[in-house]
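Just the one chain here, laid out as structure tokens, in the form predicted on its own.
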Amino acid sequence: MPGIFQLAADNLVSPIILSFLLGLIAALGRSDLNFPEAIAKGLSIYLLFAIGFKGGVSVSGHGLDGKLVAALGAGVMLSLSLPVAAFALLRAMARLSVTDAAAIAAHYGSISIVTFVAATSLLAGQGIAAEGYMVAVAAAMEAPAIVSALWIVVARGGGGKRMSADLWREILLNGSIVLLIGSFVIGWMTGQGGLNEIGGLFVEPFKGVLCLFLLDMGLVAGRGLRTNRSTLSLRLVAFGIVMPVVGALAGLIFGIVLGLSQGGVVLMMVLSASASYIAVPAAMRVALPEANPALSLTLSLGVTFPFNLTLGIPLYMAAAEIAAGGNF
């Protein structure tokens, strides 16, 4: 694998990253470029189904074993513990209420499936294999962070809602979780034969669709930064960069302990370093309506997401290679 700086440079000039940067620049420059909401949602549905289905196909060939179960358990543990670390870091770095800090922490305990997909594509481009069941780990890490954040609020006397039936429904039946798990099961049940049937739709066009989706994400991130720049202090921006590194280190340790391949360690790091901007915001609207959503979304989508896409993933790949005994 090329050195870290060369890898970062190659990543920055990939169509995937440049598409995101185009959207970001267009939004910051107040361009009228826009994706209709229905098209943007359709692109996200396509990506979630494709990554879940292909992960299920990989597991059908791999089979259920102790490594898969251990990886799922590790993912849940990370999703439960990372919000605690994020909350402590936020309270040390910024003057936020318990509710706002806990809501932000929930985003950083959950995951960004698009960051995961981008890392998967970069690994494939470098010829680095990873365990197919990591997509199941991604699904397992979506919801526990929400529970952990609510526990923090209750423990610190910040109020908030208890775990009602409506909240559990919002968490467990969130569209992204249902689609990711459902497509994973379909891929698992149908195996390689199923992939052969629909590969023309979900394999060849995948990167092109990802480019369009990241173009839209760049537009959303740029508008968030432009609109909410007054709410973001330098300390909060610093948190949006420091916390992914903290999460990635935790993912590195767990990946090594689990005995994952180099690619699997990278994906565990990426999952631990990313921040949700789909599943958690929807749950927080129900669980902590008094929290300021502008803070969470602008940090996760406007700061952490572009950091991970441009610099984070190459750094995590380099760390995984060093841990595996590679040389630069």
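Since the structure is predicted, the reported quantities are computational estimates derived from the model, not experimental observations. In this text, residue numbers run from 1 along the sequence as written.
The protein also exists as the form predicted together with a further copy of the same chain; that form is not presented, and the subsequent description refers to it.
- Proximity to a further copy of the same chain in the predicted bound form holds for all of 15, 19 and 39, with the criterion being a heavy atom within 4.5 Å.
- Put simply, of 156, 91, 235, 207 only one has a heavy atom within 4.5 Å of a further copy of the same chain in the predicted bound form, and it is 207.
- Contact with a further copy of the same chain in the predicted bound form, defined as a heavy atom within 4.5 Å, holds for exactly one of 140, 179, 123, 74, namely 179.
- Residue 29 belongs to the set of residues with a heavy atom inside 4.5 Å of a further copy of the same chain in the predicted bound form.
- Heavy atoms of residue 215 reach within 4.5 Å of a further copy of the same chain in the predicted bound form, making it an interface residue.
- Though the partner is left out of this view, residue 169 does reach within 4.5 Å of a further copy of the same chain in the predicted bound form, counting heavy atoms only.
- Although the partner is absent from this view, residue 202 contacts a further copy of the same chain in the predicted bound form, with a non-hydrogen atom inside 4.5 angstroms.
- Of the candidate stretches 240-248, 78-86, 142-150, 180-188, only 180-188 has residues whose heavy atoms lie within 4.5 Å of a further copy of the same chain in the predicted bound form.
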